[in-house]
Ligand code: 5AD
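Only one chain comes next, encoded as C-alpha coordinates, the form predicted alone.
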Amino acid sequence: MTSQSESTVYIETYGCQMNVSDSELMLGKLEASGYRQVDAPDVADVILVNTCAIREHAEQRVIGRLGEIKSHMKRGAILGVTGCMAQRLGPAILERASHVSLVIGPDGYRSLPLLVDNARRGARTSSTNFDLEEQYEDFTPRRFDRVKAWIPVQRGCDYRCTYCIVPTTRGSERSRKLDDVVREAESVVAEGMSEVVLLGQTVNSYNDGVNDFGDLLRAIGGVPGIMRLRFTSPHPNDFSDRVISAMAETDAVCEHVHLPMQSGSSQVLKRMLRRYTREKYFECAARLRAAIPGLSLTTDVIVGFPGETDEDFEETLSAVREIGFDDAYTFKFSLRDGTPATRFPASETVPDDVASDRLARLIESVRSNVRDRNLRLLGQRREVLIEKEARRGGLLQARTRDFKTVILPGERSMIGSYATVELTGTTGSTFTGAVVRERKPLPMAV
(Lines give C-alpha, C1' and ligand atoms only; values in the text may rest on other atoms or scores of the structure.)
Protein backbone atom coordinates (compact mmCIF):
# COMPACT_ATOMS: atom_id res chain seq x y z
CA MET A 1 0.00 0.00 0.00
CA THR A 2 1.21 3.51 -0.81
CA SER A 3 2.36 5.36 2.30
CA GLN A 4 0.32 8.38 3.30
CA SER A 5 3.31 10.70 2.80
CA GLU A 6 3.27 9.73 -0.88
CA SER A 7 -0.48 9.72 -1.33
CA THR A 8 -2.23 11.77 -3.98
CA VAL A 9 -5.74 13.21 -4.12
CA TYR A 10 -7.97 14.39 -6.93
CA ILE A 11 -11.14 16.43 -6.26
CA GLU A 12 -13.83 16.98 -8.88
CA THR A 13 -16.43 19.64 -8.06
CA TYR A 14 -20.01 20.08 -9.26
CA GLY A 15 -22.54 22.78 -8.42
CA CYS A 16 -22.34 26.18 -6.79
CA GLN A 17 -19.50 28.34 -5.49
CA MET A 18 -20.15 26.99 -2.00
CA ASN A 19 -19.17 23.57 -3.29
CA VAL A 20 -16.01 25.05 -4.78
CA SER A 21 -15.21 26.56 -1.38
CA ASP A 22 -15.88 23.22 0.34
CA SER A 23 -13.53 21.48 -2.11
CA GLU A 24 -10.85 24.02 -1.19
CA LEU A 25 -11.41 23.20 2.48
CA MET A 26 -11.17 19.45 1.84
CA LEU A 27 -8.02 19.81 -0.22
CA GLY A 28 -6.42 22.00 2.44
CA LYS A 29 -7.27 19.46 5.14
CA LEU A 30 -5.83 16.56 3.15
CA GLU A 31 -2.68 18.48 2.15
CA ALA A 32 -2.12 19.20 5.84
CA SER A 33 -2.27 15.43 6.37
CA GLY A 34 0.38 14.72 3.75
CA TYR A 35 -1.63 14.35 0.55
CA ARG A 36 -0.58 15.91 -2.75
CA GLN A 37 -3.08 17.18 -5.32
CA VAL A 38 -3.07 15.70 -8.83
CA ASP A 39 -5.01 16.81 -11.89
CA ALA A 40 -6.53 13.52 -13.06
CA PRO A 41 -8.46 10.73 -11.29
CA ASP A 42 -6.58 7.86 -12.96
CA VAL A 43 -3.33 8.74 -11.15
CA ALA A 44 -4.87 9.51 -7.74
CA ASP A 45 -4.83 7.35 -4.63
CA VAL A 46 -7.92 9.17 -3.35
CA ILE A 47 -10.67 10.51 -5.62
CA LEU A 48 -13.37 12.76 -4.20
CA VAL A 49 -16.42 13.82 -6.22
CA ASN A 50 -17.99 16.85 -4.52
CA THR A 51 -21.62 16.91 -5.58
CA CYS A 52 -24.71 19.07 -6.06
CA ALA A 53 -28.30 17.99 -5.40
CA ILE A 54 -30.17 21.09 -6.52
CA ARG A 55 -31.57 19.38 -9.63
CA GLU A 56 -32.07 15.80 -10.70
CA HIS A 57 -29.93 16.36 -13.79
CA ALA A 58 -26.97 17.24 -11.56
CA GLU A 59 -27.31 13.98 -9.63
CA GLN A 60 -27.69 11.89 -12.78
CA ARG A 61 -24.57 13.50 -14.19
CA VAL A 62 -22.62 12.54 -11.05
CA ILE A 63 -23.91 8.97 -11.13
CA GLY A 64 -22.74 8.68 -14.73
CA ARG A 65 -19.39 10.18 -13.79
CA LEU A 66 -18.91 7.66 -10.97
CA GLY A 67 -19.31 4.90 -13.55
CA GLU A 68 -16.72 6.51 -15.80
CA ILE A 69 -14.23 6.88 -12.96
CA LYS A 70 -14.60 3.21 -12.01
CA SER A 71 -13.08 2.08 -15.30
CA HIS A 72 -10.05 4.36 -14.87
CA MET A 73 -9.28 4.05 -11.14
CA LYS A 74 -5.87 2.70 -10.39
CA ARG A 75 -5.68 -0.39 -8.23
CA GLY A 76 -6.22 0.32 -4.55
CA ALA A 77 -7.58 3.81 -5.11
CA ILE A 78 -10.34 5.14 -2.84
CA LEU A 79 -13.41 6.83 -4.30
CA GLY A 80 -15.54 9.11 -2.15
CA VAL A 81 -18.71 11.12 -2.78
CA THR A 82 -19.05 14.34 -0.79
CA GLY A 83 -21.37 17.33 -0.70
CA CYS A 84 -25.11 17.79 -1.07
CA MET A 85 -25.91 14.65 -3.07
CA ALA A 86 -23.97 12.64 -0.46
CA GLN A 87 -26.02 14.27 2.30
CA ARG A 88 -29.31 13.60 0.51
CA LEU A 89 -28.74 9.97 -0.48
CA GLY A 90 -26.35 8.83 2.25
CA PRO A 91 -25.72 5.06 2.46
CA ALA A 92 -27.86 4.48 -0.65
CA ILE A 93 -24.83 5.56 -2.70
CA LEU A 94 -22.74 2.79 -1.14
CA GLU A 95 -25.46 0.28 -1.98
CA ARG A 96 -25.75 1.52 -5.54
CA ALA A 97 -22.03 1.85 -6.33
CA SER A 98 -19.85 -0.87 -4.84
CA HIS A 99 -16.65 0.92 -5.88
CA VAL A 100 -17.51 3.94 -3.67
CA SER A 101 -15.96 3.72 -0.20
CA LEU A 102 -16.91 7.07 1.35
CA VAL A 103 -20.06 9.18 1.49
CA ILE A 104 -19.54 12.45 3.40
CA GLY A 105 -21.98 15.34 3.84
CA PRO A 106 -21.00 19.03 4.06
CA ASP A 107 -20.58 18.93 7.86
CA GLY A 108 -18.32 15.86 7.88
CA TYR A 109 -15.06 17.16 6.38
CA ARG A 110 -13.25 17.47 9.71
CA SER A 111 -12.99 13.67 9.84
CA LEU A 112 -11.97 13.35 6.20
CA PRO A 113 -8.34 12.19 6.71
CA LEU A 114 -9.42 9.58 9.29
CA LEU A 115 -12.27 8.32 7.09
CA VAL A 116 -9.92 8.05 4.11
CA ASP A 117 -7.42 6.08 6.19
CA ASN A 118 -10.19 3.74 7.33
CA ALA A 119 -11.34 3.30 3.73
CA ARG A 120 -7.82 2.33 2.69
CA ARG A 121 -8.05 -0.41 5.32
CA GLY A 122 -11.28 -1.67 3.73
CA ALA A 123 -14.00 0.20 5.64
CA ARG A 124 -16.94 1.71 3.76
CA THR A 125 -18.47 4.67 5.59
CA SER A 126 -21.36 7.11 5.32
CA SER A 127 -21.00 10.29 7.42
CA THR A 128 -24.01 12.57 6.98
CA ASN A 129 -24.83 13.94 10.44
CA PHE A 130 -25.47 17.68 10.71
CA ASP A 131 -23.18 19.70 12.96
CA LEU A 132 -24.75 23.11 13.42
CA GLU A 133 -21.63 24.42 15.19
CA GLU A 134 -19.25 23.51 12.36
CA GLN A 135 -17.68 26.43 10.51
CA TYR A 136 -14.22 24.91 9.78
CA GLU A 137 -12.53 27.95 11.30
CA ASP A 138 -9.24 26.12 11.89
CA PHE A 139 -9.05 24.83 8.29
CA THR A 140 -6.66 26.44 5.81
CA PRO A 141 -8.25 26.17 2.38
CA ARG A 142 -6.12 25.30 -0.63
CA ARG A 143 -7.52 27.81 -3.12
CA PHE A 144 -7.94 26.82 -6.77
CA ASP A 145 -8.23 30.41 -8.00
CA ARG A 146 -5.25 32.71 -7.53
CA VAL A 147 -7.08 35.88 -8.56
CA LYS A 148 -10.19 35.93 -6.36
CA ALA A 149 -11.14 34.12 -3.18
CA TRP A 150 -14.45 32.51 -2.23
CA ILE A 151 -15.09 33.04 1.49
CA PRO A 152 -18.12 31.33 3.07
CA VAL A 153 -19.71 33.49 5.77
CA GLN A 154 -22.83 31.44 6.38
CA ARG A 155 -23.82 27.78 6.11
CA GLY A 156 -27.31 26.34 5.79
CA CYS A 157 -30.63 28.08 5.16
CA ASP A 158 -33.71 28.94 7.21
CA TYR A 159 -35.91 29.74 4.22
CA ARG A 160 -38.04 26.83 3.10
CA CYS A 161 -38.72 27.48 -0.58
CA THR A 162 -40.94 24.66 -1.75
CA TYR A 163 -38.69 23.71 -4.70
CA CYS A 164 -35.38 23.74 -2.81
CA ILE A 165 -33.44 20.83 -1.29
CA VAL A 166 -30.75 23.00 0.37
CA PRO A 167 -32.26 23.03 3.92
CA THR A 168 -32.27 19.23 3.73
CA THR A 169 -28.68 18.95 2.50
CA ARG A 170 -27.03 21.81 4.40
CA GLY A 171 -29.17 22.24 7.51
CA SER A 172 -30.21 25.36 9.36
CA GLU A 173 -28.60 28.76 8.85
CA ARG A 174 -25.61 29.72 10.97
CA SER A 175 -23.18 32.58 10.48
CA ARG A 176 -19.46 32.85 11.14
CA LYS A 177 -18.14 35.46 13.55
CA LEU A 178 -17.25 38.71 11.80
CA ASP A 179 -13.70 38.72 13.20
CA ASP A 180 -13.07 35.25 11.76
CA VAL A 181 -14.19 36.36 8.29
CA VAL A 182 -11.97 39.45 8.53
CA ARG A 183 -8.97 37.28 9.44
CA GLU A 184 -9.60 35.09 6.41
CA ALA A 185 -9.87 38.15 4.17
CA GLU A 186 -6.55 39.42 5.52
CA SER A 187 -4.95 36.05 4.75
CA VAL A 188 -6.31 36.25 1.20
CA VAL A 189 -4.57 39.59 0.68
CA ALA A 190 -1.35 38.09 2.10
CA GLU A 191 -1.63 35.38 -0.57
CA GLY A 192 -1.73 38.09 -3.25
CA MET A 193 -5.44 38.22 -4.09
CA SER A 194 -7.45 41.43 -4.17
CA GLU A 195 -11.02 40.26 -4.88
CA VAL A 196 -13.22 38.51 -2.33
CA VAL A 197 -16.61 36.85 -2.89
CA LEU A 198 -18.65 36.30 0.28
CA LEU A 199 -20.74 33.14 0.12
CA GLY A 200 -23.98 32.08 1.77
CA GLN A 201 -27.25 30.42 0.82
CA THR A 202 -29.00 33.71 1.64
CA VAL A 203 -25.83 35.65 2.26
CA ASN A 204 -27.39 39.01 3.14
CA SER A 205 -29.30 37.46 6.07
CA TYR A 206 -25.89 37.05 7.73
CA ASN A 207 -25.97 37.78 11.45
CA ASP A 208 -23.41 36.55 13.97
CA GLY A 209 -25.48 37.67 16.94
CA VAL A 210 -23.83 41.08 17.06
CA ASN A 211 -23.17 42.13 13.47
CA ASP A 212 -25.38 42.07 10.40
CA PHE A 213 -24.44 41.88 6.73
CA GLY A 214 -23.97 45.63 6.48
CA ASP A 215 -21.38 45.48 9.27
CA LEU A 216 -19.66 42.61 7.49
CA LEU A 217 -19.47 44.47 4.18
CA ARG A 218 -17.93 47.50 5.85
CA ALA A 219 -15.42 45.37 7.75
CA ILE A 220 -14.26 43.32 4.76
CA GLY A 221 -14.29 46.34 2.47
CA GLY A 222 -11.98 48.06 4.96
CA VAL A 223 -9.31 45.34 4.86
CA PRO A 224 -6.20 46.90 3.23
CA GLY A 225 -5.60 45.33 -0.18
CA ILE A 226 -9.22 44.30 -0.84
CA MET A 227 -10.03 46.12 -4.07
CA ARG A 228 -13.20 44.27 -5.07
CA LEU A 229 -15.89 42.80 -2.84
CA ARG A 230 -18.77 40.69 -4.15
CA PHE A 231 -21.34 38.38 -2.55
CA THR A 232 -23.71 35.62 -3.63
CA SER A 233 -26.52 34.76 -3.39
CA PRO A 234 -28.71 37.22 -1.52
CA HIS A 235 -32.43 37.01 -0.85
CA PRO A 236 -34.65 39.97 -1.85
CA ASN A 237 -36.21 40.06 1.63
CA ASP A 238 -32.91 40.72 3.40
CA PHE A 239 -31.80 43.98 1.77
CA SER A 240 -32.37 46.23 4.76
CA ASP A 241 -31.64 49.95 4.61
CA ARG A 242 -28.47 49.27 6.66
CA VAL A 243 -27.24 46.70 4.14
CA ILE A 244 -27.95 48.89 1.12
CA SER A 245 -26.24 51.86 2.78
CA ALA A 246 -23.17 49.73 3.48
CA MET A 247 -23.09 48.64 -0.16
CA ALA A 248 -23.32 52.22 -1.40
CA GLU A 249 -20.74 53.59 1.05
CA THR A 250 -18.09 50.84 0.82
CA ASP A 251 -15.82 51.55 -2.14
CA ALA A 252 -14.73 47.93 -2.61
CA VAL A 253 -18.32 46.65 -3.06
CA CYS A 254 -18.82 46.04 -6.77
CA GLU A 255 -21.73 47.47 -8.74
CA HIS A 256 -23.40 44.11 -9.31
CA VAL A 257 -26.04 42.13 -7.45
CA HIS A 258 -27.25 38.68 -8.38
CA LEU A 259 -30.87 38.98 -7.19
CA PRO A 260 -32.80 35.70 -7.65
CA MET A 261 -36.36 36.41 -8.79
CA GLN A 262 -37.48 32.84 -9.67
CA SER A 263 -40.83 34.04 -11.07
CA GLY A 264 -42.49 37.29 -12.06
CA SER A 265 -45.90 36.07 -10.86
CA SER A 266 -46.99 36.76 -7.28
CA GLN A 267 -49.16 33.65 -7.42
CA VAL A 268 -46.24 31.42 -8.33
CA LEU A 269 -43.95 33.15 -5.83
CA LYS A 270 -46.49 32.39 -3.09
CA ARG A 271 -46.54 28.71 -4.06
CA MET A 272 -42.73 28.75 -4.10
CA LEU A 273 -42.82 30.23 -0.57
CA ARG A 274 -40.42 32.96 -1.64
CA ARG A 275 -42.04 35.36 0.91
CA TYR A 276 -42.20 38.35 -1.43
CA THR A 277 -44.55 39.46 -4.20
CA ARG A 278 -43.79 40.68 -7.70
CA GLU A 279 -44.27 44.23 -6.44
CA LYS A 280 -41.90 43.76 -3.49
CA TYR A 281 -39.23 42.34 -5.81
CA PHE A 282 -39.55 45.34 -8.12
CA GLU A 283 -39.31 47.62 -5.09
CA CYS A 284 -36.11 45.89 -3.92
CA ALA A 285 -34.52 46.25 -7.37
CA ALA A 286 -35.48 49.93 -7.46
CA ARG A 287 -34.02 50.62 -4.00
CA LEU A 288 -30.73 48.98 -4.98
CA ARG A 289 -30.49 50.92 -8.23
CA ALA A 290 -31.35 54.20 -6.55
CA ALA A 291 -28.57 53.74 -4.00
CA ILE A 292 -25.89 52.41 -6.37
CA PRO A 293 -25.60 54.20 -9.73
CA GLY A 294 -24.77 51.93 -12.63
CA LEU A 295 -25.76 48.80 -10.73
CA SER A 296 -25.91 45.61 -12.80
CA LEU A 297 -28.64 43.12 -11.87
CA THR A 298 -28.58 39.44 -12.78
CA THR A 299 -31.11 36.84 -11.67
CA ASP A 300 -32.38 33.25 -11.57
CA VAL A 301 -35.73 32.28 -13.13
CA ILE A 302 -37.61 28.96 -12.97
CA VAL A 303 -40.35 28.10 -15.47
CA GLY A 304 -42.83 25.24 -15.34
CA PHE A 305 -43.39 25.35 -11.58
CA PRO A 306 -46.48 23.35 -10.56
CA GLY A 307 -49.62 25.36 -11.23
CA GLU A 308 -47.88 27.95 -13.41
CA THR A 309 -50.41 29.19 -15.97
CA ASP A 310 -49.84 30.91 -19.29
CA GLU A 311 -50.75 34.17 -17.57
CA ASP A 312 -48.18 33.53 -14.82
CA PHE A 313 -45.50 32.90 -17.42
CA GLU A 314 -46.39 36.07 -19.28
CA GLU A 315 -45.90 37.95 -16.01
CA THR A 316 -42.41 36.48 -15.78
CA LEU A 317 -41.63 37.60 -19.33
CA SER A 318 -42.89 41.10 -18.58
CA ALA A 319 -40.83 41.26 -15.37
CA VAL A 320 -37.68 40.33 -17.30
CA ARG A 321 -38.38 43.09 -19.82
CA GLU A 322 -39.35 45.76 -17.28
CA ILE A 323 -36.50 45.23 -14.84
CA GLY A 324 -33.91 44.94 -17.60
CA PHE A 325 -31.58 42.30 -16.20
CA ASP A 326 -27.99 42.24 -17.39
CA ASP A 327 -28.17 38.45 -17.51
CA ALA A 328 -30.30 35.60 -16.19
CA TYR A 329 -29.78 31.95 -15.34
CA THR A 330 -32.90 30.18 -16.54
CA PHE A 331 -34.15 26.73 -15.53
CA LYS A 332 -37.00 24.35 -16.13
CA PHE A 333 -38.52 23.20 -12.83
CA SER A 334 -37.04 19.95 -11.52
CA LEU A 335 -38.97 18.11 -8.81
CA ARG A 336 -36.72 16.93 -5.96
CA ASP A 337 -37.64 14.21 -3.49
CA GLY A 338 -37.75 15.65 0.00
CA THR A 339 -38.99 19.10 -1.01
CA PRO A 340 -42.47 20.45 -0.19
CA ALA A 341 -43.22 20.74 -3.92
CA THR A 342 -43.68 16.97 -4.03
CA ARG A 343 -46.96 17.49 -2.16
CA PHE A 344 -48.56 19.53 -4.92
CA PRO A 345 -51.29 17.57 -6.77
CA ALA A 346 -50.10 15.76 -9.89
CA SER A 347 -52.83 17.58 -11.81
CA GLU A 348 -50.85 20.82 -11.33
CA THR A 349 -47.74 19.48 -13.06
CA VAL A 350 -46.84 21.55 -16.11
CA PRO A 351 -46.36 19.24 -19.13
CA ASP A 352 -42.72 18.97 -20.16
CA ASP A 353 -43.33 20.23 -23.69
CA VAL A 354 -45.09 23.32 -22.30
CA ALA A 355 -42.25 23.96 -19.82
CA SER A 356 -39.65 23.48 -22.57
CA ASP A 357 -41.44 25.96 -24.82
CA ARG A 358 -41.63 28.50 -21.99
CA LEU A 359 -37.93 28.06 -21.28
CA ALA A 360 -37.03 28.64 -24.91
CA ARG A 361 -39.15 31.81 -25.04
CA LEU A 362 -37.63 33.06 -21.79
CA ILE A 363 -34.08 32.46 -22.99
CA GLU A 364 -34.76 34.33 -26.21
CA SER A 365 -36.26 37.25 -24.27
CA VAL A 366 -33.27 37.40 -21.91
CA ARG A 367 -30.76 37.21 -24.76
CA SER A 368 -32.53 39.93 -26.70
CA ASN A 369 -32.59 42.24 -23.69
CA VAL A 370 -28.94 41.58 -22.83
CA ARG A 371 -27.84 42.10 -26.42
CA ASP A 372 -29.63 45.45 -26.63
CA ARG A 373 -28.19 46.62 -23.29
CA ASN A 374 -24.66 45.55 -24.20
CA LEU A 375 -24.72 47.24 -27.61
CA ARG A 376 -25.33 50.54 -25.83
CA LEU A 377 -22.12 50.07 -23.82
CA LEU A 378 -19.77 49.86 -26.82
CA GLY A 379 -17.09 52.52 -26.77
CA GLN A 380 -17.18 52.91 -22.98
CA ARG A 381 -14.07 52.42 -20.87
CA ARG A 382 -14.14 50.11 -17.86
CA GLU A 383 -11.77 48.82 -15.22
CA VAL A 384 -11.31 45.05 -15.50
CA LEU A 385 -9.57 42.43 -13.41
CA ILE A 386 -7.85 39.93 -15.70
CA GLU A 387 -8.87 36.52 -14.37
CA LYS A 388 -7.57 33.79 -16.65
CA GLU A 389 -6.71 32.66 -20.16
CA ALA A 390 -9.71 32.61 -22.48
CA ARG A 391 -10.74 29.46 -24.29
CA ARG A 392 -9.44 30.91 -27.52
CA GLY A 393 -5.66 30.87 -27.69
CA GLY A 394 -3.72 34.06 -27.15
CA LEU A 395 -6.59 35.87 -25.44
CA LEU A 396 -7.40 36.65 -21.82
CA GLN A 397 -10.70 36.75 -19.95
CA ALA A 398 -11.41 39.68 -17.65
CA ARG A 399 -14.31 40.98 -15.58
CA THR A 400 -15.63 44.49 -15.02
CA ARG A 401 -16.81 45.66 -11.61
CA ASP A 402 -20.40 45.29 -12.83
CA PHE A 403 -19.73 41.67 -13.83
CA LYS A 404 -19.38 41.99 -17.59
CA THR A 405 -17.05 39.47 -19.24
CA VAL A 406 -14.43 41.01 -21.52
CA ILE A 407 -12.13 39.08 -23.87
CA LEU A 408 -8.92 40.88 -24.71
CA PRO A 409 -5.44 40.25 -26.14
CA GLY A 410 -2.51 39.95 -23.75
CA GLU A 411 0.15 37.82 -22.15
CA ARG A 412 -0.45 35.26 -19.44
CA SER A 413 1.67 37.38 -17.09
CA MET A 414 -1.18 39.92 -17.03
CA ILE A 415 -3.46 37.52 -15.10
CA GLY A 416 -4.24 39.01 -11.70
CA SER A 417 -3.65 42.57 -12.86
CA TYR A 418 -6.13 45.38 -13.42
CA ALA A 419 -6.51 47.30 -16.64
CA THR A 420 -8.66 49.98 -18.17
CA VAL A 421 -10.19 48.69 -21.39
CA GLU A 422 -12.35 50.12 -24.12
CA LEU A 423 -15.33 47.91 -25.00
CA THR A 424 -14.88 47.39 -28.74
CA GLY A 425 -17.42 44.69 -29.58
CA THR A 426 -19.98 42.27 -28.19
CA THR A 427 -21.30 38.84 -29.06
CA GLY A 428 -24.46 39.78 -27.22
CA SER A 429 -23.37 38.22 -23.94
CA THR A 430 -19.63 38.96 -23.72
CA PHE A 431 -17.45 41.84 -24.86
CA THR A 432 -14.19 42.23 -26.70
CA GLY A 433 -11.92 44.93 -25.41
CA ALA A 434 -8.69 46.81 -26.06
CA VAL A 435 -6.35 47.64 -23.19
CA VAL A 436 -5.99 51.38 -22.69
CA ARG A 437 -3.96 51.24 -19.49
CA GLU A 438 -2.67 48.42 -17.29
CA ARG A 439 -1.81 48.53 -13.62
CA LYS A 440 -0.66 45.81 -11.26
CA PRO A 441 -2.26 44.88 -7.92
CA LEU A 442 -0.23 43.81 -4.90
CA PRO A 443 2.53 41.29 -5.77
CA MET A 444 1.34 37.69 -5.79
CA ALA A 445 2.56 35.75 -2.77
CA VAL A 446 4.76 32.74 -3.38
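Numbering starts at 1 and runs along the sequence shown. Nothing here was measured: the structure is a model prediction, and the numbers come from that model.
In what follows, reference is made to the form predicted together with this ligand, a form of this protein that is not presented.
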| query | finding |
| --- | --- |
| Contact segment among 125 to 133, 327 to 335, 139 to 147, 236 to 244, judged by heavy atoms lying within 4.5 Å of this ligand in the predicted complex | 327 to 335 |
| Non-hydrogen atom contact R61 with this ligand in the predicted complex at 4.5 angstroms | no |
| 4.5 Å heavy atom contact, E186 to this ligand in the predicted complex | no |
| Contact test in the predicted complex: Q262 vs this ligand, heavy atoms, 4.5 Å | yes |
| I302: touches this ligand in the predicted complex, heavy atom cutoff 4.5 angstroms | yes |
| Contact residue in the predicted complex, chosen from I54, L396, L385, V46 - any heavy atom within 4.5 Å of this ligand | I54 |
| Contact residue in the predicted complex, from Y163, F231, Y109, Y281 (heavy atom within 4.5 Å of this ligand) | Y163 |
